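Take a look at this single chain in structure tokens; it is the form predicted on its own.
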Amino acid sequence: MEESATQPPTAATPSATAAKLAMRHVDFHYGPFRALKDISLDIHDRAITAIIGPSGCGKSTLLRTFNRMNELIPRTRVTGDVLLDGTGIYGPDVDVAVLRKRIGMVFQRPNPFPASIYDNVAIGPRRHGRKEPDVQEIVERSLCRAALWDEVKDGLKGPALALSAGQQQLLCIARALAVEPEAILMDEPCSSLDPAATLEVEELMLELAQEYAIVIVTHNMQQAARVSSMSACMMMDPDRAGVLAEYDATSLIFTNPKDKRTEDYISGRIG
């Protein structure tokens, strides 16, 4: 993205509408180990929610619970309710492939497939039955929305792995957008990027938050303050289970936290 004299987008204030995603008294177990304990929170539509907290407190586990990615790990178990538009997502009649289409995922490190730029974006629509003329339009639209089209439009058949790290992450976001999700999960999407690429991804997140519910795990407190409107601060209880210490507007979490653990984490005294 080129620099502009205008101010970049800022985090939107969540609307008063019903939660797009929600948890109600959720516990999550890896075998006998309880990684999450009694988590309840609402994720607003068209806003960015940051999940923050010390290493090992269950942030990524919480994030992946929203689209059942944790099921790829053997011997995991969820209790409580995880909801999308008020409907539970862990019922036996839920099509997990459709669920993951509705709730996209962007990972910590860019993970493009060893294929062309075009095919990386086209793979999702093709799997969901879209025909090639439609796929071509979807690829262009998705790359435009990910602010990458102008950089790659003349080399769509080139290898995705030849892109820079920042471009690869934007490509992964375009790949998520190509299946028309309703929410996007991002697990430390800037942790492997340089400051310039981080700024590009942050600006893109703010733009996308005008249309999607976005949940981001981040260790970067400045990033959480810059992009999110709501923040969930996770901690570990004495049994090392992840618990929700505090969930509130980011402006309040960072200026007037209600929980001493949140204050200690934000100030750097723990973490």
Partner chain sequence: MTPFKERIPGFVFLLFALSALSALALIAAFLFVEGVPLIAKVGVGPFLFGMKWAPSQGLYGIFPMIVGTVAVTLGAAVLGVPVALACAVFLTEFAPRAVSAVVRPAIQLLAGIPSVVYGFWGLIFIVPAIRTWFGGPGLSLLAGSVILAIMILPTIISIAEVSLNALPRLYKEGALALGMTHWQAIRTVLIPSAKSGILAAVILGIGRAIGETMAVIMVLGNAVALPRSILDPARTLTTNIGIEMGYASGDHQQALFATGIVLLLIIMALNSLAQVAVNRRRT
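Numbering follows the first chain given and starts at 1. Note that the structure is predicted; figures quoted are calculated from it, not measured.
Only in words, not in the display: the form predicted in complex with the partner chain, which the text now covers.
- Only one of 28-36, 226-234, 210-218, 63-71 places residue heavy atoms within 4.5 angstroms of the partner chain in the predicted complex, namely 63-71.
- Residue 118 falls outside the set of residues with a heavy atom inside 4.5 Å of the partner chain in the predicted complex.
- The shortest heavy atom separation between residue 123 and the partner chain in the predicted complex is within 4.5 Å.
- Put simply, residue 94 is far from the partner chain in the predicted complex: not one heavy atom of it is within 4.5 Å.
- Among heavy atoms of residue 77, none comes within 4.5 Å of the partner chain in the predicted complex.
- Interface residue among 103, 146, 84, 163 relative to the partner chain in the predicted complex, by the heavy atom within 4.5 Å criterion: 103.
- Listed residues 157, 153, 131, 127 were compared with the partner chain in the predicted complex; 127 is the one with a heavy atom within 4.5 Å.
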